[in-house]
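Single chain ahead, by itself, as structure tokens, in the form predicted alone.
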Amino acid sequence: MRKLHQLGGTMPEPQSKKLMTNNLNLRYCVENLSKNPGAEIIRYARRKPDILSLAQGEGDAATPDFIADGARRALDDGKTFYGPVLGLEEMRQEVSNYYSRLYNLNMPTNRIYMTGSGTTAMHFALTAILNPGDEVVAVTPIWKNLLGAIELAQAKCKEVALREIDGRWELDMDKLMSACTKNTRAILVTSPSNPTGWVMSRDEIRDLLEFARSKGIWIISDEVYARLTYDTPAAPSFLEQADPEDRLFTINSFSKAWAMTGWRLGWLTGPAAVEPIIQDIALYNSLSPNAFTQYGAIEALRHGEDFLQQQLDLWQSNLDYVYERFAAIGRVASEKPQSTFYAFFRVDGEKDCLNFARRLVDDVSLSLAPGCAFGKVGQGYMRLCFAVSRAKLENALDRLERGIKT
């Protein structure tokens, strides 16, 4: 048994995957897949009936009726059969229309591929370009599932960390470029960043595109949080500056902006030449995304701006409140994010974020994501999702304050 801390409970030491599977002859990369500390904390916290969780990246608003109604109508109309592998043409066209409105882009549908989640889009992109032993240079901190996807592709990951300078997270572009070698197949960037809220500038995007072109390196841009910005309609996109045939994949999802986390629907964009490749990968993976969910997503893109703005207004108010409370609590250090609905913070004296996360569960029934779940640079940090009601947020921060002062 492993003692969690002097006041807490105990949790059985899990058997190693290798011990449990060593007679099954499984793939090496699966048997040795690195642990996800964020998922570990969520599982650990669920044993407590009174847990308050701000550990996952979702709000507490249900999907709005106008989106759900679109899916209901599709179900009523019998839209429950296999659909096109890369998504309904109407759905792909609606994404194209969305890019036209948002970025003034002419994005043909043969560059848009609907997927069963943004995570699935990442797996498709990596499957298309990586060979075993290839290298991916990833800007961190970053969501652990993306790093895990690289492991499953049997590639190597090199982390290049953002740095905190004068109250902001910044990317050292020279360091990022210097990290690339002859074995580098792709550069992975999440902007806006989960968990820091950092946003890549248009100048940085231009410079990285030029560098990647010169080296023949792919860029994979995770733009799932592009609409979660507080002073602009959307974060800058690589698509705004890229040529149509650039080695560029962008990843997006309906989960965050339109409160559709459980719908599991996203999309991938790439050069038109890869459409048949992505189609084959999708065919052998999941065949096609659910048809009726796409009809809900069409409504989200057509009519979702008012709902999104209401959410942004709440999140902005919550963001200000979180940092007021941080200042009052003391011992909390954090850079106010430019975007997203996360506070990524450190508590003075708490260097082991995983242990601190467990103690918060045990002592005050609060579940937060440990920063070590987002890469090496995240050690010592915690992530709090503030995309919730003010009452729930106040309760969570009251618990955090008690947990810090215990």
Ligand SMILES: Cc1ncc(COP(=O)(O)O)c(C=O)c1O
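Owing to the predicted nature of the structure, the values given are computational and were not obtained by experimental measurement. Start at 1 and count along the sequence shown; that's the residue number.
Note that the form predicted together with the ligand isn't included here; everything after this is about it.
Heavy atoms within 4.5 Å of the ligand in the model of the complex map, among the stretches 175-183, 304-312, 114-122, 95-103, onto 114-122 alone. Note on the partner interface in the model of the complex: the residue among I220, L268, V224, A297 having a heavy atom within 4.5 angstroms of the ligand is V224. Proximity to the ligand in the model of the complex, taken as a non-hydrogen atom within 4.5 angstroms, holds for one residue of R168, R264, R213, K158, which is R264. Contact between W143 and the ligand in the model of the complex is found at the 4.5 Å heavy atom cutoff. In the model of the complex, N194 approaches the ligand with a heavy atom inside 4.5 Å. Mapping the unseen interface onto this chain, R247 falls outside it, with no heavy atom inside 4.5 Å of the ligand in the model of the complex. Within 4.5 Å of any heavy atom of the ligand in the model of the complex lies no heavy atom of N318. In the model of the complex, the ligand lies within 4.5 angstroms of at least one heavy atom of each of the following residues of 243-264: S253, S255, K256, R264, in sequence order.
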